[in-house]
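Encoded as structure tokens, the following chain is the form predicted on its own, with no partner shown.
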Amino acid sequence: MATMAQALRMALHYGEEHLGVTDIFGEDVGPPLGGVFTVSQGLKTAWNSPLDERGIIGTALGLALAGQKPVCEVQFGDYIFNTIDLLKLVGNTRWSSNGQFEVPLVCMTIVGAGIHGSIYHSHSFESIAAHIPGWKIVLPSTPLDAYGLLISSIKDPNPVMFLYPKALIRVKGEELIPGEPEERELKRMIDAPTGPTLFHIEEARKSWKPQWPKGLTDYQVPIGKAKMVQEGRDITVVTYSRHVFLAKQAAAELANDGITTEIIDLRTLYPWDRDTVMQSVRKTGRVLVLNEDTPVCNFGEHILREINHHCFYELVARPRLLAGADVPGVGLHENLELASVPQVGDIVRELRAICSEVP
């Protein structure tokens, strides 16, 4: 099974071969590295930009307005904050031109904790991104969804913020991507050779060319459609990204007590799948919204507001948000990182507390 990095690489290859992607660029995106997380190895349209996030976003906007279809990358989500004014400009261009100018660009950046990246490589960005109108925002949790959502993002005439979790970038999927070969064969075909130093890597890759799978398809995951990860009758968990897997672990523990948990992977924050969420909450009467972003102005608060507005009389317990700690950053030490974002034990505690409330 492909990892998320391999899935994104294959989707980008399909994009440049079949969907008109003209430029894949960013810091270290081109050869020899092919992206700090290897997402763009071997892609023919990949090139290295200067270390300038504002230049990356501005160039992507210019290319899109000139009729090209760029995919740009900001190396870590932590470094996208100095581009907020440009992101706002990207987001309002199609609207302010009354649809005359499409902005078919994808901005990829990796987000979240999980690799001991400390305060400069652990930030979540989705809640702030949701405050910038005009962007679609996706956060996949599996390689198959990552592939399908990236294909959909490339096809979209609007700008798409493609956020992907660094904690899951090397995790293998449980479902085959259409056209994906056997695991070892895939690694041999599309993973570039490596070495102990940048010099060795550069030397090893001078003559290397990827062998792309022939059977890759136009597989799409619709933007704005959530996934029912598992069904339950007692409580709903609304989450996304790596906390889908932590929620499944917590649900397995609660199952020992006879509590069944329904888990929804949003996959897309804007637009988000209100219908699936509301149907689930009306069925269970209880809900926990779960993510690792900081709690103040968290996107989960918006979800809770909508749930209260549309499902108030069906709720049998007060809905809750379990988010990251209200701290300026994630600490380097493992104990600090574990305390900064929700863990399985935290999720179990919150779920039990909600389920113990008597209507």
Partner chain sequence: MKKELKLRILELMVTARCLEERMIKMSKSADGHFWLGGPGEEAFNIPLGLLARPGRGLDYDYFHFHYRNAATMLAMGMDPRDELRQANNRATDPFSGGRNFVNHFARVEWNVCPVTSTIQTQWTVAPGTARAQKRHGGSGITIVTCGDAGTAEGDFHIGLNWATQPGQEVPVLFIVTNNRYGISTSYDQVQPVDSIAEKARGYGMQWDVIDGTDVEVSYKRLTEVMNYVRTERKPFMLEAKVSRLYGHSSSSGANRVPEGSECDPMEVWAEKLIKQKVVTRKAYLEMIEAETQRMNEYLKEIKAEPAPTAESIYDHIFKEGF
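Numbering follows the first chain given and starts at 1. Every value quoted in this text rests on a predicted model; they were computed, and no experiment measured them.
Beyond what is shown, the protein has a form predicted in complex with its partner chain; the following relates to that form.
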Note: exactly one of Y219, F101, W212, W208 sits with a heavy atom within 4.5 Å of its partner chain in the model of the complex, namely F101
Note: exactly one of Q230, S97, Q279, Q249 sits with a heavy atom within 4.5 Å of its partner chain in the model of the complex, namely S97
Of the candidate stretches 112-120, 255-263, 139-147, 183-191, the one with residues having heavy atoms within 4.5 Å of its partner chain in the model of the complex is 112-120
Exercise. Is there a heavy atom of Q343 no more than 4.5 Å from a heavy atom of its partner chain in the model of the complex?
Worked result: no
So, A339 and its partner chain: in the model of the complex, are they within 4.5 Å at any heavy atom pair? yes
**Asked** Is D85 one of the residues lying within 4.5 Å of its partner chain in the model of the complex, judged by heavy atom distances?
**Response** yes
Does any part of G173 reach within 4.5 Å of its partner chain in the model of the complex? Heavy atoms only, please.
no
When its partner chain is considered in the model of the complex, the residues of 54-75 having a heavy atom within 4.5 Å of it are R54, G55, I56, G58, T59, L61, G62, L63, L65, A66, Q68, Q75
